[in-house]
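The form predicted alone is given below as one chain in structure tokens.
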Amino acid sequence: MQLFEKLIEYPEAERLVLERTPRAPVEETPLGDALGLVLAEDLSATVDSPPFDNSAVDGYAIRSADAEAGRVFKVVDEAPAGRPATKSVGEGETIKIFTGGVIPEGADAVVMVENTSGWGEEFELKKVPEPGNNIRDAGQDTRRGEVILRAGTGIGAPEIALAATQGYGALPVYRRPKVVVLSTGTELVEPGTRELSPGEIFDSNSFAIVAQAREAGAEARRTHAASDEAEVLRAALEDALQSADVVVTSGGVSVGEKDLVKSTLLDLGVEQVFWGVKFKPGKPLFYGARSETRFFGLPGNPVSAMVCFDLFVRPALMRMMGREDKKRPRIRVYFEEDVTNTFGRMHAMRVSLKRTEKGWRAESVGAQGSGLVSSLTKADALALIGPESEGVRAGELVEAIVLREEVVLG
């Protein structure tokens, strides 16, 4: 029977993951697919924006020197967006203009239609505009050649809009990591295919891990669950290692006779960075590397697998994409009653949160078993208990990892 060589502390495991995880390659990604990615290079303006003086409202372009309340102006042309007027504005003349229309020659102000007698071939001015009123100057937003977005900027809707104003059809970003998820175990049954036989369970882990990877911004796919047979497992792992940036398995990394994942990986040339963490849930965690591919062997229990993904795999994916927010937000919480820790290692307790006058109050969601998937649907955070203590006293502040940011932000 194989044994854990040495269990390392959670902070050390977290540090090793981030230190040994490379950035993903840079690629030109179509503008419409860049949401959530990170710029790898500075982006400069290609044109002045706006590229010409234009109207901020629907109304009339006039010469402010002619503007007197009660004066009647004659309309000589119009300037809708995309079609500049062919005439210039002379004394007592005006050009009907629409939002985004090019300011015609001779005009230095736009009067809103609401401040005139209305639309027509002529109008009476009701309110005198100042020079420059309702005109958006060329280059008011950006000037050609200036840096508009810095390397390291996360791409959201505003960044996409700004890049589009400069004509960028693609952006230089760290590409999305390709993740392959593989569950191991002959007891696993594909959900929706058939009823369970004695001793079988539905494969939930691979579906959950794929969802977590996609939520983090990666491209993720699952393969058919591999059996516990050595050759079948070896073929599935080799295929995954050749096609992915990150391979994630669940199950098969503990010390049992059927836990073949670790030994198979070593045979396939995967370097072991660590195996075993003083952490609950998630003691039998394996992290390794082969060339540019990273491998995470997560525990088979559903809660352990999902918690370990959030604390170890998710930060690695974020680092690959150049994201600064590699880790989940952390806050200080307290319990109203003493909490014990009898495990001899750090316990990430699933808790709900409530804001009080004292701060964030944490309360256990109930039983903390590693197979209780429903407990995660009730958890707002993971309160870190230990490992150096046997628990925390009522009112004592401890660190917690926020799982549901909307609860804290709300």
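We number the residues from 1 along the sequence you see. Fair warning: this is a prediction, and the values are worked out from it, not measured in the lab.
Keep in mind that the form predicted together with a small molecule is missing from the display, and what follows is about it.
Please name which of the stretches 73-81, 104-112, 309-317, 185-193 has residues with heavy atoms lying within 4.5 Å of the small molecule in the model of the complex. Every other range fails; the passing one is 185-193.
Scan P302, G276, P172, P129 and let me know which has any heavy atom within 4.5 Å of the small molecule in the model of the complex. That would be P302.
Give me the residue from D245, E93, E159, D203 that has a heavy atom within 4.5 Å of the small molecule in the model of the complex. That would be D203.
Is G252 one of the residues lying within 4.5 Å of the small molecule in the model of the complex, judged by heavy atom distances? Yes, G252 lies within 4.5 Å of the small molecule in the model of the complex.
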